[in-house]
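Just one chain follows, in the form predicted on its own, and it is written as structure tokens.
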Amino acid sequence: MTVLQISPRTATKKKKKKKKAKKVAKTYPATKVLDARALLVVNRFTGGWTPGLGAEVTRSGGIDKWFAKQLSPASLPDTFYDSSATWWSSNLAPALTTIARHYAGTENVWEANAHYQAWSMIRRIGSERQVLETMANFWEHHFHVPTDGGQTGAYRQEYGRLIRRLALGKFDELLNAVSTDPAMGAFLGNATSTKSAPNENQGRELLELHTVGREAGYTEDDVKSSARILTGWRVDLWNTWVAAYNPAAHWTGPVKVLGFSHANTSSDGRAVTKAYLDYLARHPSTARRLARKLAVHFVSDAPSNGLVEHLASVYLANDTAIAPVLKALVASAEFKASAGKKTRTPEEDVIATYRALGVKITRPTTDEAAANAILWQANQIGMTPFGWPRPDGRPDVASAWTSVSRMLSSFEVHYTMSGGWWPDKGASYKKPSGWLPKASLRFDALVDHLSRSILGRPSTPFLLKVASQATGIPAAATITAKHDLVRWQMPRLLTVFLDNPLHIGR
């Protein structure tokens, strides 16, 4: 039998490497990071890792306790949401006020929508309720209403706030709220649907996109009944813009959709609407569809049927409550093994980059301010939040967001922000010397510090090699505030981490 032995030369190399690693570790107080599972949870359920977030998790007693707190957002402060909401005058305004401001020439509806889009990104950067913001974004894409102004524009901000309030509650309540909301009705035609000419659009999308999906096997007759049930939820579009239930517009008579049937004899169809939506929320096909969508967003682009069935059973066992499903998802072995399997969308990339670089955004005073420019940055990479034109919501898989043009655009945004060159108004960046954890340290120690600070994990020999190639600086070089790296090359070094798949992924 042949016995493989380490040669003396190899053993010496290993000893030197080990000695070198110890020496690097002693050169600065290593920035604390979380374990792999905790890092995975925060990267999937927040705007992205920061050392401050890591400290928050530690103070909470670990990732499971932190996650449990986040799933009960009422127990957490909401200071950033409240303060940043006032940065734009329309974010908290009632819909009729928004439309009045439009007609008065104070602020166009499309501008109000753009401000809401920007605010949705700003909140995910700074909110104390990170998981709530993540889930609000998830549901806003599931119940997608574009932010392109038009007839949905006046109600779009209220719609977004409504979804945030219900994002971690029960799905039946969320479904009832969004399906009867003026924004959804205006987008999918239900706002002008009548008993004499029911508009099938929302009734069809309710089945296909929002609940059971095509696999449930519904028919065209089911779609017609679905549309008839929803008649009566009106908006006086392009006139007073008042939203109200109008019994005179409600179709009456027997309705049947899949296993749901109702006599529907009253002109006031609000009761049949609720009964119908409650039925759909608890349908097994809805449970599987939501379970798969959550698994695709938080686990991988192709989750196993076993995980989907497990999450669906948790959803039904908890009467459509969302938090237990998320707990089960995080506790699953498939989630724990899913590191590196999700790609950030354009908006997620921008948000994570602001957080990684520690950029502080302030109330915007010009259109070029960072709080407004952040929307242009997302668009530069590929798409603004809620900018997808179709009712199915933007894609959530890597194949949609890993083109060459997306990568090059991401690299450009990372580089300009690493240098603090743009946006340069309404934002404060860390000075290059601010990235040094101490006045003087070796280059390999600095790389380790940056890796921990930006990626949430220690450096690797490969990462150090790339950093050395990017800057031309050897591992043992001593770095101080006067070194050329700090004076001229820090943006190049920072992009080694931001252009890394570990940052572009989540």
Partner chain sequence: MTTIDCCTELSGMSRRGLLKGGITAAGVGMATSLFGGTFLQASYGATRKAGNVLVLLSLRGAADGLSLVVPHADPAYYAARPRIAIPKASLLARNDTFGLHPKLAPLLPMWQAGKIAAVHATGLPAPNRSHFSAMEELEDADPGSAARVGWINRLIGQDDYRHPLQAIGMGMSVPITALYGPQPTVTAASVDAISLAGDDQWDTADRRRRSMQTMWAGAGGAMGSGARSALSTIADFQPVAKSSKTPANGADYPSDDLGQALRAAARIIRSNVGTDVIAVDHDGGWDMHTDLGTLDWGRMVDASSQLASGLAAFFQDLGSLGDKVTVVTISEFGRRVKENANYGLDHGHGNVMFLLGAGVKGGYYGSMPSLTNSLDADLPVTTDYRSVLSEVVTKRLGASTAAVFPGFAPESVGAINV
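Fair warning: this is a prediction, and the values are worked out from it, not measured in the lab. Numbering follows the first chain given and starts at 1.
The same protein also has a form predicted together with the partner chain, omitted here; what follows describes it.
- Residue contact with the partner chain in the predicted bound form: K431 places no heavy atom within 4.5 Å of it.
- Although the partner is absent here, Q151 sits close enough that one of its heavy atoms falls within 4.5 Å of the partner chain in the predicted bound form.
- Within this chain, R204 lines the site of the partner chain in the predicted bound form, having a heavy atom no more than 4.5 Å away.
- At the 4.5 Å threshold, heavy atoms of A263 stay clear of the partner chain in the predicted bound form, well away from it.
- Interface residue among A339, A331, I99, A400, judged by heavy atoms within 4.5 Å of the partner chain in the predicted bound form: A400.
- For the options T27, S60, T480, S468, the one in contact with the partner chain in the predicted bound form, meaning a heavy atom within 4.5 Å, is S468.
- Here the marked residues D35, G47 and G160 all miss the partner chain in the predicted bound form; none has a heavy atom within 4.5 angstroms.
- Heavy atoms within 4.5 Å of the partner chain in the predicted bound form belong, among the stretches 242-250, 113-121, 160-168, 196-204, to residues of 196-204.
- The partner is not shown here, and in the predicted bound form the stretch 269-293 never reaches within 4.5 angstroms of the partner chain through any heavy atom.
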